[in-house]
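Below sits a lone chain in structure tokens, taken as the form predicted alone.
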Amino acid sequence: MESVQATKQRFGIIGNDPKLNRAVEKAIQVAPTDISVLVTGESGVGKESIPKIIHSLSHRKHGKYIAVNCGAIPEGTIDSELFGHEKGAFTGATQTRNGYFEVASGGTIFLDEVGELPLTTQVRLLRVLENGEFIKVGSSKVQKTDVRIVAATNVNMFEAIKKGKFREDLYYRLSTVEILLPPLRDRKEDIHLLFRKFASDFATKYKMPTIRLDSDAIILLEKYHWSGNIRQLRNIAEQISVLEQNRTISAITLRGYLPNIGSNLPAVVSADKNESDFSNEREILYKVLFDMKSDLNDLKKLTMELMQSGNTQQVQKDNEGLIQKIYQDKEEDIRFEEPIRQTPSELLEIPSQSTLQPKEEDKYHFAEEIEEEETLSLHDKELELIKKSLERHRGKRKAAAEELGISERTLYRKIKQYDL
């Protein structure tokens, strides 16, 4: 079995991080088998190197190796690209075409960005993994293929499964062995090694002296977050190699090439986390709003009953559960010992504990007031409510009708009837 160090040297892998070495070691161990492998890691960490190692060290090394970027192929044509199509299968299919799974039979297919596959294509891929069978687009003939599948993704697969974007059974078929490549920020000792390698390559490419970092610049380089990983580091090395006249790079110079250094911009948070947090916040907000709406409707119901009935004791008895729900944080029992004399808008305000109990000097007037209200006719009560509502809404009949719970036409008829 080839050693980890020899394999890294052969495939141009720079670094001595233990996690990186473990990923390469797992690739070497699974290469002689035909089991499927899923390579995971952030974008730009170099996932494409692992399937090349697996193919080159396997018994399929003399067969074809085809790398397919699943995210770059349009959804409407990806089935044709992978499995082929028959002549006339769709508009533009002027001849029969062999797909990658047919062409690569006996070799290896690398499915990069496999998390971007449409669900219909995932079903077809699952069949290939289970029994090596596929059907061309527009055909009914089942064909066989003998391919080794290595897939890669930067998507959180468990989140994708949870959201229904990726089939759980396909995930477990693909990830018989999972190889995780660490992000560059977790390989701090490798960052300067990689930068020196890229600087040397670009010096040769552009025929100019190699750039070098001073000690402060090296510290800054290693402390940077590198959200774009190795791809971003390579890009920075190329920019500096081409643009800087002074070939010794200071921390101040390097700082100018690193995005967001020293700025007050918010920290970068993963899209999945943002979406999850905002979703939870929305759910909580909706629940609060619905609870408020329910409480407001209960208050309106209680208010209307109090306005329409002079018997507050009976209203309290009939709505005991509702009253307890509204005032459940009050320790003392609620007792309406005097008729409500407020407007509808005042009734919607939750009273304080001090206002729930009548004043001592007002107790002697309760019997007289209740007796007086009981002598009022329905005609007088209706007239009084309509007047108050119209005054409250400054003569706007539509708003007054909504508050009184009657139609605007009925209110207009009452206004004429009472000559208001």
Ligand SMILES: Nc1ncnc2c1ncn2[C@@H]1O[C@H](COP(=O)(O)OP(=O)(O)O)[C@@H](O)[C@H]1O
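The structure displayed is predicted, hence computed values, not measured ones. All residue numbers are counted from 1 along the displayed sequence.
Separately, the form predicted in complex with this ligand exists; it is not shown, and the next lines address it.
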Per-stretch contact check against this ligand in the model of the complex, the hit in 292-300, 229-237, 143-151, 100-108 (non-hydrogen atom, 4.5 angstroms): 229-237
Only one of F134, F166, Y224, F198 has a non-hydrogen atom within 4.5 angstroms of this ligand in the model of the complex; which is it? F198
May I ask you to state whether E42 is within 4.5 Å of this ligand in the model of the complex, using heavy atom distances? yes
Would you check, heavy atoms only and a 4.5 Å threshold, whether L404 touches this ligand in the model of the complex? no
Taking heavy atoms only, is L194 within 4.5 angstroms of this ligand in the model of the complex? yes
Can you tell me if H85 lies within 4.5 angstroms of this ligand in the model of the complex, counting non-hydrogen atoms only? no
Looking at this ligand in the model of the complex, which residues in 132-146 have at least one heavy atom within 4.5 Å of it? none
